[in-house]
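Given as structure tokens, the chain that follows is alone and in the form predicted alone.
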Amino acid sequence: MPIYVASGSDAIMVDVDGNQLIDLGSGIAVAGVGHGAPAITEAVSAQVARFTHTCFMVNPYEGYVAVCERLNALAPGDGPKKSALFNSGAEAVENAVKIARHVTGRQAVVVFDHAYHGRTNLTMALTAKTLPYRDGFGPFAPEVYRLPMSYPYRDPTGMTGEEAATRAIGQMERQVGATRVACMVIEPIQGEGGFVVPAPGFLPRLARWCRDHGALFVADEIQTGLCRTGTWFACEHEGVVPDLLTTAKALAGGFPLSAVTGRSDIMDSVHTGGIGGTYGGNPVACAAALAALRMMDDLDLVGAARQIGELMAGRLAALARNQACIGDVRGRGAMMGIELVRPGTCDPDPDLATQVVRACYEQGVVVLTCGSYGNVIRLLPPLVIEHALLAEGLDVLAECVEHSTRS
């Protein structure tokens, strides 16, 4: 967008010209606790005054351990867990794959259509969309296999989650072989791929297959995790307990920090020095993360996300009833999207999505696109957004959809 941000507060960004914008993107789900949160800035300032770096692998510090302990306590499952910290979501996914290959002694990694897992060489191989993520950047890492996703809007009418999982598993067993799979990596709700919410039963069936065949189930919760969907983690909506779970984005309130959390026996299987990095778990980012996690608890941002979801779902459903260009409304909690199509068809309309985003910006509202076809408008407001401000942003979105459709 043709703006440069100068400051921000909660769900408002201010550009260098003094224009205020309602942020319904949160920097792609990063600013879950809002922009400029005093608790974050105070924690970061205090840590910067103490020290900014030692490298945890050389000289450990309490903040790193405290973040890991909190993630271990939050992650689904009753057994003992451990975490390791990194810088970015892509790093977390790469390390989850490394851990899975090490513990299983297998090489094959299974991913899904429409998936997005990052832009490093391995995670580009895991990511489905060619432009802009993969085009011209190969060759990619080997032993990555892609399966059909449960995509209710585009699947055959009436296909259940169990049936979609059976379709995917059958393809995997034919083309890869059950004994070769180290792990299955999946976003419980796909982010960049179009806010695709799989049909009920899809995720539990896949997790059960992994458990029965000695593969690890890896939940990529980088965009969906940490209150965004109305639970701490999106896999909890169907009671799925992953073997490994990756987090980033909202974890540190805007600072670069990511994590892999998993069963202790799995995490402990890797030899000393096998995972890590110079900046992973930086002490300043850890201080921000501890403050952000406290805010999520103290402000009940799980509950806030549910309320935001109810407000957005109602408004978007009403808009869809009056706009034939909206083929589907989907999402959970404060992670909602509308898929734009050519009226009377399911044909994607990415040009309309681009027009809507531009029109919203011109009216002072930031929204984002996503989807394999570039035709989904995604809404990821900060979880601290005031309902009146959210309603105002949704009013603008509705006007821009109507205007763009007419034009």
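Each residue number is its position in the shown sequence, starting from 1. No experiment lies behind these values; they were computed from the predicted model shown.
This protein has a second form, the form predicted together with a small molecule, left out of what is shown; the following refers to that one.
This chain lacks the partner; the member of Val181, Leu301, Ala168, Ile222 within 4.5 angstroms of the small molecule in the predicted complex by a non-hydrogen atom is Ile222. Out of the listed residues Cys346, Ile28, Ala46, Ala66, Ile28 is the one that sits within 4.5 Å of the small molecule in the predicted complex by at least one heavy atom. For Tyr116, a non-hydrogen atom is located within 4.5 Å of the small molecule in the predicted complex, even though that partner is not displayed.
Interface residue remark: Asp243 is not counted as part of the site for the small molecule in the predicted complex, having no heavy atom within 4.5 Å.
None of the heavy atoms of Val196 is located within 4.5 Å of the small molecule in the predicted complex. Although the partner is absent here, Tyr153 lies well away from the small molecule in the predicted complex, with no heavy atom inside 4.5 Å. Partner contact region in the predicted complex: 118-126, out of 118-126, 207-215, 316-324, 71-79, criterion any non-hydrogen atom within 4.5 Å of the small molecule.
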